[in-house]
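Single chain ahead, written as structure tokens, the form predicted alone.
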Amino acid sequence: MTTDGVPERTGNNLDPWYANYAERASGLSASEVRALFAVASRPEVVSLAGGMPFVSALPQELIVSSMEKVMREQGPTALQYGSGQGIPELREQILDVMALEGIHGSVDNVVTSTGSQQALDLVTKLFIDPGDVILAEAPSYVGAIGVFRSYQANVVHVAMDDQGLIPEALRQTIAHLRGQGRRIKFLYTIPNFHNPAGVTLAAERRPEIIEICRQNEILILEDNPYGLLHFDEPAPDALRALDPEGVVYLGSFSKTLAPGFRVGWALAPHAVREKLILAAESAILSPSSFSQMVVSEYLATADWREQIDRFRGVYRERKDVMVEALGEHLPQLSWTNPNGGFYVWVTMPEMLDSKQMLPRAVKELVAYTPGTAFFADGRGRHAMRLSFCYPTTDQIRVGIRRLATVVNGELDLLDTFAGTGPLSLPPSPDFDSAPPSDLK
């Protein structure tokens, strides 16, 4: 306290404004995925880390012609402010996209956003007070965990297996938290081709999970950017298709078209929709009219279903190569074998630490995402996420071979210096699904 009664401003060695930040700013930190982008951009490094779509597979001439037509015919409108809810034409087309997953909604309840990440942020902003509980699969999307932390939510993980979220684990977790008097606001789930686990929620589990949440008056936030990118069998109908009033659905064109447009959406129950629009207008006034109009023009003129099918073929081939290479070079590990999406979840012996191994992996010119990035409670050290969407098949083979050099080197050191003997793995796949410490 200074002599004039004004609190003395203190900081740290790097930030003189440290003491002035709001408490919620302490939840903001660079994700392990973001920290990898600088490394992954080096051409000599094979990045199996980031979930970047292979946008080179897009028909560039159609994208360019869509941009030109928008500017030539609707330029002044495209460059102007727009509706906070998004342009009606695109919202109508979004209904056609969601219909492929069994969703029949109203255009009035679609709210476009700057990528689905913004919609995720807005929903969290609307529902979360500091200390509220968000249920999320174990593991869960790193970008969602960052949003939840920024609003000072307590993320409690619920166990999953190779069939997705386990209903009985959800039921027990809810009962335990309610017994402690804790307030659960929503369940966040990625049911299709999960990021990072790669698994899909089984069709028979979906009605049960919806009923559990309905009985406990818990909203479901369904994040579904990968649902159309299946390899063999399509994913089951979306959770939103089974319960329009209990589910807020998040979609995106980032994976099926291109992330650079930053166009996503939320389909919400009517009352939530109204608050979402107000929150969006407060945050950004309106999403980009230009991006929305280009996406709308592309959907109107291109065979976008065929384009998505082309993406499926590219990603299926790359996934098959990754799984084959893992079997050849790292047969002692276990991994998921997804039927769509971008990711393979790899489980190592518990004595290995993927985060500590990462600098050695980068030295070997390969990058991955450590499993700890996908847990809010510090788990995941003996797991990693590998992405097959962006690197070519040859790069994937090289990357897995380099990764094997790192992993096998670590195992040799443990055998030599720690006297560990044979190293055993947990049953495959392992999602590090033991309950968090506060639920034991």
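For every residue, the number given is its place in the sequence shown, counted from 1. It should be emphasised that the depicted structure is a prediction, and the values quoted were computed from it without experimental measurement.
Missing here is the form predicted together with a further copy of the same chain; even so, the following discussion is about that form.
- Contact with a further copy of the same chain in the predicted complex, defined as a heavy atom within 4.5 Å, holds for exactly one of Pro167, Pro259, Pro349, Pro236, namely Pro259.
- Between a further copy of the same chain and the residues Asn339, Gln93, Ser254, Asn109, the one pair within 4.5 Å by heavy atoms in the predicted complex involves Ser254.
- Only one segment in the set 362-370, 303-311, 320-328, 180-188 has residues whose heavy atoms sit within 4.5 Å of a further copy of the same chain in the predicted complex; it is 180-188.
- Not one of Arg42, Gln163 and Arg206 comes within 4.5 Å of a further copy of the same chain in the predicted complex, counting any heavy atom.
- Although the partner is absent from this view, Leu278 contacts a further copy of the same chain in the predicted complex, with a non-hydrogen atom inside 4.5 angstroms.
- A residue is said to contact a partner when one of its heavy atoms sits within 4.5 Å of a partner heavy atom; Leu201 fails this definition for a further copy of the same chain in the predicted complex, lying far away.
- At the 4.5 Å threshold, heavy atoms of Asp412 stay clear of a further copy of the same chain in the predicted complex, well away from it.
- Although the partner is absent here, Gln172 sits far enough away that none of its heavy atoms falls within 4.5 Å of a further copy of the same chain in the predicted complex.
- Residues of 62-81 placing a heavy atom within 4.5 Å of a further copy of the same chain in the predicted complex, in sequence order: Ile63, Val64, Met67, Glu68, Met71, Arg72, Gly75, Pro76, Ala78, Leu79, Gln80, Tyr81.
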